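Presented below, as C-alpha coordinates, is a lone chain in the form predicted alone.
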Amino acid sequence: MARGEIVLGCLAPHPPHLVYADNPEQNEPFSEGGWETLRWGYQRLARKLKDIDYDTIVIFTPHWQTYIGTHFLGLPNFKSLSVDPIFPNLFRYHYDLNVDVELAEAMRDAASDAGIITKMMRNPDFRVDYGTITSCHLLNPDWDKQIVTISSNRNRHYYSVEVMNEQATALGEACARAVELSGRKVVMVASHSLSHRHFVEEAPLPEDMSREHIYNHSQYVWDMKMVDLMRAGNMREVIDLMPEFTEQTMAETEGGGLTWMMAAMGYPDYNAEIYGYQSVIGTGNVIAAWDPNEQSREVVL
(Lines give C-alpha, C1' and ligand atoms only; values in the text may rest on other atoms or scores of the structure.)
Protein backbone atom coordinates (compact mmCIF):
# COMPACT_ATOMS: atom_id res chain seq x y z
CA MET A 1 0.00 0.00 0.00
CA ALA A 2 1.24 3.47 -0.85
CA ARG A 3 2.12 5.74 2.04
CA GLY A 4 -0.66 8.16 2.94
CA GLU A 5 -0.05 11.88 3.24
CA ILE A 6 -1.60 15.19 4.20
CA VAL A 7 -1.73 17.16 0.96
CA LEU A 8 -3.21 20.39 2.37
CA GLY A 9 -4.18 21.93 5.67
CA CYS A 10 -6.95 24.55 5.84
CA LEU A 11 -8.08 26.98 8.49
CA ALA A 12 -11.74 27.26 7.52
CA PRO A 13 -14.02 29.47 9.65
CA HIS A 14 -17.65 28.41 9.82
CA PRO A 15 -19.97 31.40 10.36
CA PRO A 16 -23.33 30.19 9.02
CA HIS A 17 -23.72 33.68 7.53
CA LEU A 18 -21.37 32.68 4.69
CA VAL A 19 -23.60 29.82 3.55
CA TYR A 20 -26.66 32.04 4.00
CA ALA A 21 -25.06 34.73 1.80
CA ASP A 22 -24.24 32.20 -0.94
CA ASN A 23 -27.88 31.00 -1.27
CA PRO A 24 -27.11 27.33 -2.04
CA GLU A 25 -30.08 25.12 -2.84
CA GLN A 26 -29.59 23.12 0.38
CA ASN A 27 -30.22 26.14 2.61
CA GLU A 28 -33.80 27.37 3.09
CA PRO A 29 -33.38 31.11 3.92
CA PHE A 30 -32.71 33.64 1.16
CA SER A 31 -30.06 36.36 1.37
CA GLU A 32 -29.08 39.47 -0.58
CA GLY A 33 -25.36 38.66 -0.13
CA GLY A 34 -22.72 39.95 2.26
CA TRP A 35 -19.26 39.07 3.63
CA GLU A 36 -17.84 38.94 0.11
CA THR A 37 -14.20 39.04 1.20
CA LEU A 38 -14.58 35.71 2.96
CA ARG A 39 -16.92 34.14 0.40
CA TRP A 40 -14.66 35.03 -2.52
CA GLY A 41 -11.63 33.79 -0.59
CA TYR A 42 -13.39 30.49 0.01
CA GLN A 43 -14.25 30.25 -3.69
CA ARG A 44 -10.61 30.65 -4.64
CA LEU A 45 -9.49 28.03 -2.11
CA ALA A 46 -12.23 25.69 -3.37
CA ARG A 47 -10.79 26.07 -6.90
CA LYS A 48 -7.35 25.13 -5.56
CA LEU A 49 -8.83 22.01 -3.98
CA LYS A 50 -10.27 21.02 -7.36
CA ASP A 51 -6.71 20.83 -8.70
CA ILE A 52 -5.39 18.69 -5.83
CA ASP A 53 -5.54 14.89 -5.88
CA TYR A 54 -7.03 13.81 -2.53
CA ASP A 55 -9.38 11.19 -1.13
CA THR A 56 -10.84 12.51 2.13
CA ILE A 57 -11.49 15.71 4.05
CA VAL A 58 -10.68 15.30 7.76
CA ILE A 59 -12.31 18.07 9.79
CA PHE A 60 -11.96 19.00 13.45
CA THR A 61 -14.96 21.01 14.65
CA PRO A 62 -15.50 22.97 17.89
CA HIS A 63 -19.29 22.62 17.64
CA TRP A 64 -19.40 18.88 18.18
CA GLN A 65 -18.48 19.21 21.82
CA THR A 66 -17.75 16.07 23.80
CA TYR A 67 -16.90 16.01 27.48
CA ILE A 68 -15.72 12.42 27.75
CA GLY A 69 -13.20 11.58 25.07
CA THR A 70 -12.83 12.38 21.38
CA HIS A 71 -15.53 11.05 19.03
CA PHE A 72 -15.50 10.23 15.31
CA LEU A 73 -18.42 9.82 12.90
CA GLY A 74 -18.78 6.08 12.40
CA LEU A 75 -21.47 5.42 9.77
CA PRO A 76 -21.13 5.63 5.96
CA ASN A 77 -23.82 8.30 5.54
CA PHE A 78 -25.55 11.00 7.55
CA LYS A 79 -28.55 12.84 6.15
CA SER A 80 -30.80 15.32 7.93
CA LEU A 81 -31.66 18.99 8.46
CA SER A 82 -29.15 21.12 10.36
CA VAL A 83 -30.58 24.19 12.08
CA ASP A 84 -28.19 26.66 13.67
CA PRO A 85 -29.19 27.06 17.35
CA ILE A 86 -28.27 30.77 17.41
CA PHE A 87 -29.17 31.76 13.85
CA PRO A 88 -32.11 29.57 12.77
CA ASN A 89 -33.18 32.49 10.57
CA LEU A 90 -29.97 32.10 8.53
CA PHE A 91 -29.10 28.42 8.51
CA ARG A 92 -31.55 25.59 7.87
CA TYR A 93 -29.43 23.31 5.72
CA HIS A 94 -30.38 19.93 4.25
CA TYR A 95 -27.19 17.86 4.28
CA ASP A 96 -26.33 14.47 2.83
CA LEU A 97 -22.71 13.52 3.48
CA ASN A 98 -20.58 10.40 3.16
CA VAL A 99 -18.04 9.32 5.76
CA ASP A 100 -14.70 7.56 5.27
CA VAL A 101 -15.42 5.11 8.09
CA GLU A 102 -12.26 3.09 7.50
CA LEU A 103 -10.04 6.12 8.02
CA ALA A 104 -12.15 7.32 10.96
CA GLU A 105 -11.71 3.97 12.69
CA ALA A 106 -7.97 4.02 11.97
CA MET A 107 -7.71 7.45 13.57
CA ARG A 108 -9.77 6.29 16.53
CA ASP A 109 -7.44 3.30 16.99
CA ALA A 110 -4.29 5.43 16.72
CA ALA A 111 -5.65 7.95 19.21
CA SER A 112 -6.68 5.18 21.60
CA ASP A 113 -3.20 3.65 21.36
CA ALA A 114 -1.83 7.06 22.34
CA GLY A 115 -3.89 7.01 25.54
CA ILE A 116 -6.75 9.23 24.34
CA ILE A 117 -10.30 8.19 25.29
CA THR A 118 -12.24 7.67 22.03
CA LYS A 119 -15.64 6.64 20.71
CA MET A 120 -17.28 6.07 17.32
CA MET A 121 -20.61 7.80 16.70
CA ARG A 122 -22.86 5.12 15.17
CA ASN A 123 -26.27 6.63 15.91
CA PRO A 124 -27.99 7.04 12.49
CA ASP A 125 -30.12 9.88 13.89
CA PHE A 126 -27.13 11.90 15.07
CA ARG A 127 -27.27 15.46 13.72
CA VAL A 128 -23.96 16.57 12.28
CA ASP A 129 -22.90 19.97 13.64
CA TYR A 130 -23.11 23.12 11.56
CA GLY A 131 -19.35 23.75 11.87
CA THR A 132 -18.65 20.60 9.88
CA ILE A 133 -21.38 21.37 7.35
CA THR A 134 -20.45 25.03 6.81
CA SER A 135 -16.70 24.50 6.37
CA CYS A 136 -17.13 21.43 4.15
CA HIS A 137 -19.77 23.16 2.00
CA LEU A 138 -17.61 26.23 1.43
CA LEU A 139 -14.48 24.19 0.66
CA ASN A 140 -16.24 21.58 -1.49
CA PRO A 141 -19.76 22.68 -2.49
CA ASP A 142 -20.12 19.61 -4.73
CA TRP A 143 -19.85 17.31 -1.69
CA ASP A 144 -18.07 14.73 -3.86
CA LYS A 145 -15.49 13.69 -1.26
CA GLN A 146 -15.84 11.54 1.83
CA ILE A 147 -15.22 13.20 5.17
CA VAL A 148 -14.04 12.31 8.66
CA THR A 149 -15.40 14.52 11.44
CA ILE A 150 -13.62 14.70 14.80
CA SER A 151 -15.26 16.12 17.92
CA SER A 152 -13.75 18.75 20.19
CA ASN A 153 -13.10 17.40 23.67
CA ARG A 154 -13.59 20.25 26.13
CA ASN A 155 -10.23 20.00 27.93
CA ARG A 156 -10.10 23.76 28.21
CA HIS A 157 -13.33 23.83 30.21
CA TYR A 158 -12.17 21.22 32.72
CA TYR A 159 -8.53 22.26 32.91
CA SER A 160 -6.83 25.01 30.88
CA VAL A 161 -5.83 26.09 27.38
CA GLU A 162 -2.41 24.60 28.07
CA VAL A 163 -3.94 21.16 28.65
CA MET A 164 -6.03 21.61 25.50
CA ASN A 165 -2.84 22.33 23.55
CA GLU A 166 -1.18 19.18 24.86
CA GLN A 167 -4.17 16.94 24.16
CA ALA A 168 -4.79 18.39 20.69
CA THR A 169 -1.10 17.89 19.87
CA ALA A 170 -1.26 14.22 20.87
CA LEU A 171 -4.44 13.76 18.81
CA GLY A 172 -2.91 15.45 15.76
CA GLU A 173 0.17 13.25 15.89
CA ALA A 174 -2.00 10.13 16.22
CA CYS A 175 -4.16 11.17 13.24
CA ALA A 176 -1.04 11.77 11.14
CA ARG A 177 0.17 8.24 11.89
CA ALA A 178 -3.22 6.85 10.85
CA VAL A 179 -3.17 8.81 7.58
CA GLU A 180 0.31 7.55 6.73
CA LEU A 181 -0.69 3.92 7.29
CA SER A 182 -4.01 4.30 5.47
CA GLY A 183 -2.54 5.18 2.07
CA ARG A 184 -5.07 8.04 1.84
CA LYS A 185 -4.34 11.50 0.49
CA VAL A 186 -6.02 13.80 3.00
CA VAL A 187 -7.01 17.46 3.30
CA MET A 188 -7.05 18.47 6.96
CA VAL A 189 -9.44 21.20 8.09
CA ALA A 190 -9.52 23.17 11.34
CA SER A 191 -13.03 24.66 11.39
CA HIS A 192 -13.02 27.86 13.44
CA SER A 193 -12.59 31.62 13.62
CA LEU A 194 -9.73 33.45 15.34
CA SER A 195 -10.91 36.15 17.81
CA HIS A 196 -14.43 35.33 18.92
CA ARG A 197 -15.94 38.20 20.86
CA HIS A 198 -19.16 38.93 19.03
CA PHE A 199 -22.18 41.18 19.07
CA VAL A 200 -25.17 40.09 21.14
CA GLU A 201 -27.77 41.84 19.00
CA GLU A 202 -28.39 41.12 15.33
CA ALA A 203 -28.97 43.85 12.74
CA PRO A 204 -32.54 43.99 11.33
CA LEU A 205 -31.05 42.86 8.01
CA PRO A 206 -28.22 40.40 8.84
CA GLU A 207 -26.43 41.00 5.53
CA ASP A 208 -26.31 44.77 6.04
CA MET A 209 -22.56 45.30 5.68
CA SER A 210 -22.74 48.85 7.05
CA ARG A 211 -23.21 47.20 10.46
CA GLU A 212 -20.28 44.78 10.16
CA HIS A 213 -16.94 45.39 11.90
CA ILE A 214 -14.51 43.70 14.26
CA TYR A 215 -15.69 43.73 17.89
CA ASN A 216 -12.84 45.98 19.07
CA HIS A 217 -9.35 47.05 18.07
CA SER A 218 -7.50 44.74 20.45
CA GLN A 219 -9.19 41.75 18.81
CA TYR A 220 -7.96 42.98 15.43
CA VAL A 221 -4.39 43.52 16.67
CA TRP A 222 -4.23 39.98 18.06
CA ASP A 223 -5.68 38.50 14.86
CA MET A 224 -3.12 40.35 12.73
CA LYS A 225 -0.31 39.12 14.97
CA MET A 226 -1.37 35.53 14.32
CA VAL A 227 -1.87 36.12 10.60
CA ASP A 228 1.59 37.70 10.28
CA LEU A 229 3.13 34.65 11.97
CA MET A 230 1.22 32.35 9.61
CA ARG A 231 2.49 34.33 6.62
CA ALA A 232 6.05 34.06 7.91
CA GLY A 233 5.81 30.31 8.50
CA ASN A 234 6.28 30.58 12.28
CA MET A 235 3.68 28.02 13.25
CA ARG A 236 5.47 26.78 16.35
CA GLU A 237 5.33 30.32 17.70
CA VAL A 238 1.61 30.47 16.87
CA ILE A 239 0.99 27.33 18.92
CA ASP A 240 3.22 28.59 21.75
CA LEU A 241 1.15 31.80 21.86
CA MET A 242 -2.12 29.88 21.70
CA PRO A 243 -2.95 29.95 25.43
CA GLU A 244 -2.49 33.74 25.72
CA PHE A 245 -4.21 34.45 22.39
CA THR A 246 -7.16 32.27 23.29
CA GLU A 247 -7.62 33.82 26.73
CA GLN A 248 -7.27 37.40 25.49
CA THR A 249 -9.64 37.12 22.51
CA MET A 250 -12.05 34.32 23.54
CA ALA A 251 -10.78 32.67 20.35
CA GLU A 252 -12.36 29.54 18.88
CA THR A 253 -8.87 28.09 18.92
CA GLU A 254 -9.88 26.99 22.43
CA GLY A 255 -11.38 23.87 20.86
CA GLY A 256 -7.95 22.70 19.70
CA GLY A 257 -8.49 22.61 15.92
CA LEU A 258 -5.49 24.65 14.78
CA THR A 259 -3.18 22.97 17.29
CA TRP A 260 -4.38 19.53 16.12
CA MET A 261 -3.78 20.37 12.46
CA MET A 262 -0.35 21.94 12.99
CA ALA A 263 0.81 18.95 15.05
CA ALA A 264 -0.41 16.56 12.35
CA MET A 265 1.47 18.56 9.69
CA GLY A 266 4.68 18.81 11.71
CA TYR A 267 4.41 22.58 12.33
CA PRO A 268 4.98 23.95 8.81
CA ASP A 269 7.86 26.41 8.52
CA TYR A 270 6.75 27.69 5.12
CA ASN A 271 4.36 30.56 4.43
CA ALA A 272 0.63 30.06 4.77
CA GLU A 273 -1.59 31.01 1.87
CA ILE A 274 -3.98 33.70 3.13
CA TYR A 275 -7.27 33.85 1.21
CA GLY A 276 -9.13 36.49 3.19
CA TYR A 277 -9.81 38.11 6.56
CA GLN A 278 -13.12 39.70 7.56
CA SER A 279 -15.36 40.18 10.55
CA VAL A 280 -18.65 38.30 10.98
CA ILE A 281 -20.85 39.65 13.83
CA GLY A 282 -17.68 41.05 15.39
CA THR A 283 -15.57 37.87 15.22
CA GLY A 284 -12.27 37.71 13.32
CA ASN A 285 -12.15 35.15 10.51
CA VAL A 286 -9.18 34.22 8.36
CA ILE A 287 -9.18 31.66 5.56
CA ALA A 288 -5.72 30.12 5.28
CA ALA A 289 -4.05 27.05 3.79
CA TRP A 290 -0.75 25.27 4.22
CA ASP A 291 0.47 23.52 1.07
CA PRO A 292 3.36 21.04 1.60
CA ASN A 293 3.99 21.02 -2.17
CA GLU A 294 6.45 23.80 -2.93
CA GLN A 295 5.53 23.70 -6.62
CA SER A 296 1.87 24.56 -6.03
CA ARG A 297 2.33 26.81 -3.00
CA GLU A 298 1.66 30.49 -3.70
CA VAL A 299 1.33 33.91 -2.16
CA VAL A 300 -2.38 34.70 -2.40
CA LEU A 301 -2.75 37.83 -0.28
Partner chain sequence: MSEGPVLFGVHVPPHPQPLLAHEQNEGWGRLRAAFEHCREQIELSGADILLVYSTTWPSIIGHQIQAHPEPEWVHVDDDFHFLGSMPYKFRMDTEFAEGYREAAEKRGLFARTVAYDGFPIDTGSVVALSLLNPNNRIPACIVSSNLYANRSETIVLGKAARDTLEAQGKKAVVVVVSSLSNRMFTEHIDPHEDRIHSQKDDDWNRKMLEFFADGRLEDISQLSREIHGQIRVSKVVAYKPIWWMAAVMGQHNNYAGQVHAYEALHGAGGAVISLSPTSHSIGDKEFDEDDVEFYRGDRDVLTQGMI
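Positions refer to the first chain, counted from 1. These numbers come from a predicted model, not from an experiment.
From this point on, the text means the form predicted in complex with the partner chain, which you will not see here.
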| property | result |
| --- | --- |
| Residue (of 213, 92, 231, 185) lying close to the partner chain in the predicted bound form, criterion heavy atoms within 4.5 Å | 92 |
| Selected contact from 286, 21, 289, 281, since only one has a non-hydrogen atom within 4.5 angstroms of the partner chain in the predicted bound form | 281 |
| Which of 122-130, 222-230, 140-148, 103-111 lines the interface with the partner chain in the predicted bound form (heavy atom within 4.5 Å) | 122-130 |
| Contact label in the predicted bound form: residue 118 to the partner chain, heavy atom within 4.5 Å | yes |
| Partner proximity in the predicted bound form: residue 71 to the partner chain, non-hydrogen atom cutoff 4.5 Å | yes |
| Contact label in the predicted bound form: residue 64 to the partner chain, heavy atom within 4.5 Å | yes |
| Residue contact check: residue 202 to the partner chain in the predicted bound form, 4.5 Å heavy atom | yes |
| Sequence-ordered residues of 76-93 touching the partner chain in the predicted bound form, heavy atom within 4.5 Å | 80, 81, 83, 84, 85, 86, 87, 88, 89, 92 |
